[in-house]
Ligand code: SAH
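Next up: just one chain, as structure tokens, the form predicted on its own.
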Amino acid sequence: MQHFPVFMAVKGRRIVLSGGGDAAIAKLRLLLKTEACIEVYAPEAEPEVVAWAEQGLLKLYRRGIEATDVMGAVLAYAADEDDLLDARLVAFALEARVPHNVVDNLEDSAFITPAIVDRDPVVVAIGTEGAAPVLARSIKADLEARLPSSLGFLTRVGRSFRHAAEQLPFGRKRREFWGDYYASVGPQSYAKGGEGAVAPALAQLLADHLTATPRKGHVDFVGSGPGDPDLLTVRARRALDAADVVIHDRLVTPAILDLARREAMIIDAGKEGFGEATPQADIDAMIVKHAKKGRHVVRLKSGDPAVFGRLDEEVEACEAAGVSFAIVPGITAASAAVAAIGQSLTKRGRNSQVRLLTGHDVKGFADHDWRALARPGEVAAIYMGKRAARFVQGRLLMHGCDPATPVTVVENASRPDQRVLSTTVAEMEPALTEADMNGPALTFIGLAPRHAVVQARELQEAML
């Protein structure tokens, strides 16, 4: 992020603009929506600018801008459409330490003006750092269509009611009240009875919330998928948006955690195979403790919570404590990894079943039906299998597996730093050790990357 978005207080403060042509008009149409004192400096000005001045919407000075004009302003705009005149304003602004913008000149601007969706006092700013203004306008048009014209009025009514709403406890209860107002009660009362119906409906809603029985805590066991935020389910996003507490495992990516409410308590309860770990009993107790306090808890797990996520133990802890829960499935690593190599987990004529295995369990390296796994055409997806690679290799060869059986390891499936290692059972060690994979990896026995996918990846790497 090269430009940090802020909302600057401009009420009653001076904004100066140099220029009176088309570029100035475009910028002034936006600035006139504010409560700032706007001053325009232009020896020649278009009739529209003159009309605004005659209406008292801005002050028009029929001369070029000077250094003293910029001093004390909150913002300065260069809209002369002349490089020398624009550079002159920039010099004045730098001297006076006033943030400046040169219209259509990103490099010489100290700030940029975003595309804006105006539902005053709700304002949505859309910026692309100058890279894609057409995209910004497209997003603006989409939001304009989505946000009702009544939103500004509903927000102003809500603002006048904030003091009364402080009767509700801070946190979840107050948040639910405002959620009901903006999502249903406010728009519905406005649609049925117009502006006059909104305030009474809001007062009744507050009375209902003040007398309502407090909601009990709840736990959502949420699968965050393999790491790409775009693969997160809609239901998972909603749970994160509503959570008071998020308890996550080590493999949940920062991009997923960023989707949680900023006010939510974020707790790292990570585990690492053969390394440091939060004891499962402590995690169970933590989940129950926060739910018992009436909080909405999201237990966030990488992939799908029902696949090697110790879900049953945590659910049983909730059941024993009388805490309600729900399970929100996620895309498991095997699905993301097999997509990355252009294959499917099952194929008619090849395998009618697929095995999801773990490389190690609480006792160490996990044992499996190696004779069945060694048969031709079998497909297995091994989770947490990097450290167990030599053990798996030895067991497969010992039980008659063809040494040429393909093995594919996908590290960081679906993420920007995804890597694919293609080898065989005979070579999986030392190949895996030499690859030095540090991220979460899934090992496929019996699958190789599809040739077209390999070609596409090689072409992409060559272009970097």
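Since we're looking at a predicted model, the values are computed, not measured. Residue numbers run from 1 along the displayed sequence.
What follows is about the form predicted in complex with the named molecule, which we do not show.
- Query: Just one of 306-314, 188-196, 342-350, 80-88 has heavy atoms within 4.5 Å of the named molecule in the predicted bound form; which?
  - Reply: Stretch 306-314 is the one.
- Query: Within a 4.5 Å heavy atom cut-off, is A333 in contact with the named molecule in the predicted bound form?
  - Reply: Because a heavy atom of A333 falls inside 4.5 Å of the named molecule in the predicted bound form, the answer is yes.
- Message: Residue-level contact is defined here as any heavy atom of the residue lying within 4.5 Å of the named molecule in the predicted bound form; does L373 satisfy this criterion?
- Response: Flag for L373 set to no.
- Query: Counting only non-hydrogen atoms and a 4.5 angstroms cut-off, does A260 reach the named molecule in the predicted bound form?
  - Reply: Result no; A260 lies far from the named molecule in the predicted bound form.
- Message: Although the partner isn't part of this model, could you tell me whether M71 comes within 4.5 Å of the named molecule in the predicted bound form, counting any heavy atom of the residue?
- Response: Residue-level check for M71: no, no contact with the named molecule.
- Query: the named molecule isn't shown here, but in the predicted bound form which of L447, V16, A24, L442 has a heavy atom within 4.5 Å of it?
  - Reply: Contact check passes for L442.
- Since exactly one of A242, L147, V323, L251 fits, which has a heavy atom within 4.5 Å of the named molecule in the predicted bound form? The option sitting close enough to the partner is L251.
- Message: I have Y383, V410 and R415 flagged as a candidate spot, so tell me whether each of them has a non-hydrogen atom within 4.5 Å of the named molecule in the predicted bound form.
- Response: The answer is yes: all three residues contact the partner (heavy atom, 4.5 Å cut-off).
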